[in-house]
Ligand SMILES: NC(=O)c1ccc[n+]([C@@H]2O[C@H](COP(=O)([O-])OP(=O)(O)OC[C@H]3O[C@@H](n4cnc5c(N)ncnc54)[C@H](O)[C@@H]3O)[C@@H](O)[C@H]2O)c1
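Just one chain follows, in the form predicted alone, and it is written as structure tokens.
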Amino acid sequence: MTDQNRIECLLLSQEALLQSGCLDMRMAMGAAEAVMLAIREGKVLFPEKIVQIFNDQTQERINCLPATLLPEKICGVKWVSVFPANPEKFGTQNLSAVIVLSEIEQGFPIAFMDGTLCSNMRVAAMGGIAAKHFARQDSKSIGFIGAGEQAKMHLIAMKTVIPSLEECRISAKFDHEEKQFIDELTPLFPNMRFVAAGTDARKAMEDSDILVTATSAQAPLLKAAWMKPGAFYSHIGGWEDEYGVAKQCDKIVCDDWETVKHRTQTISRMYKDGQLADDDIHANLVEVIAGEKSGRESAEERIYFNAVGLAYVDVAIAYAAYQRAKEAGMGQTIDIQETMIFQHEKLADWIRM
């Protein structure tokens, strides 16, 4: 038996990625910006995702999302489960993911890795990139509806691009969720003032400079009256705000409007109801990154950002994380196979007929 047909793969747990310094929003945002520009140049393959929905009411689902980074010769796929009822029913997280990376010279896998970190970072990175261009750079306060992993990651991204943030107001469905958010984030931002809203969304959002809805609830929780002039709103999930929020905004920006408008976000519903048109969308985020469309133009503009999620960004962030972890010597090398099936000397002992 020789090593000629051995296939090895680097196994990267979430802990290995964290210990490698992969919870780095600047790394994630850099990878996201680069790949968004690359896909416009035909350097990324991005086929349709496969969605398996197990409960139409709760939207419990598992998605398979592939993408290929052609210059890097890397193909990746994210296998992600979203079970919104998990926190309340089981006390567990509602999202989990794994990512497989393969090289495309021989087509062999090179990494099997936790994808939950990369997925959450991608959501936050897109919000952070948008905030860099559209939030007031002197913003002092940020308000959240929702206190889960997406909200926590979003705070890291927003603080990265808007260092002036000094107060975080958090509203969740339950008081204990707000407390957990504050307990976990205070050590990361010891100089930030945290305010628990006591499940009162208005208290968290009204008069905040940056608004974030990060909830699996399918209801118009954010009211237009709570968004002051000059505020920036990052919409993460599905239906989280009343139509009046978008209607009063001076600019509406998406990660990809053509994708967004066929989904179930608030502005997608508005489009289907004839209350929003293509011309009402100011830009896709990549157009702003490329300098083709304007960012914030006045201190009083209300700006709405909607990200539906683009899996090729997850793959780009995952590849950046893989490279960093490999350089740090982290992870565990595992054998996918030692040799080809019929070259095993003991195959006669193992076969069952």
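This one's a predicted model, so the numbers in the text were calculated from it and none came from an experiment. All residue numbers are counted from 1 along the displayed sequence.
Note that the form predicted in complex with the ligand isn't included here; everything after this is about it.
- Three-residue candidate spot Val253, Thr259 and Gly295; no residue lies within 4.5 angstroms of the ligand in the predicted complex by any non-hydrogen atom.
- The closest heavy atom approach of Glu206 to the ligand in the predicted complex falls outside 4.5 Å.
- Looking at Ala172, you'd find a heavy atom of it within 4.5 angstroms of the ligand in the predicted complex.
- The closest non-hydrogen atom of Arg61 lies within 4.5 Å of the ligand in the predicted complex.
- At the 4.5 Å threshold, heavy atoms of Ile99 stay clear of the ligand in the predicted complex, well away from it.
- Proximity to the ligand in the predicted complex, defined as a heavy atom within 4.5 Å, holds among Val82, Met192, Val195, Ala224 only for Val82.
- Of the candidates Met121, Ile236, Leu211, Met158, Ile236 is the one whose heavy atoms come within 4.5 Å of the ligand in the predicted complex; the others do not.
- Screening 69-77, 216-224, 134-142, 266-274 for residues having heavy atoms within 4.5 Å of the ligand in the predicted complex returns a single hit, 216-224.
- Along 77-114, a non-hydrogen atom within 4.5 Å of the ligand in the predicted complex is carried by Val82, Pro87, Asn94, Leu95, in order along the sequence.
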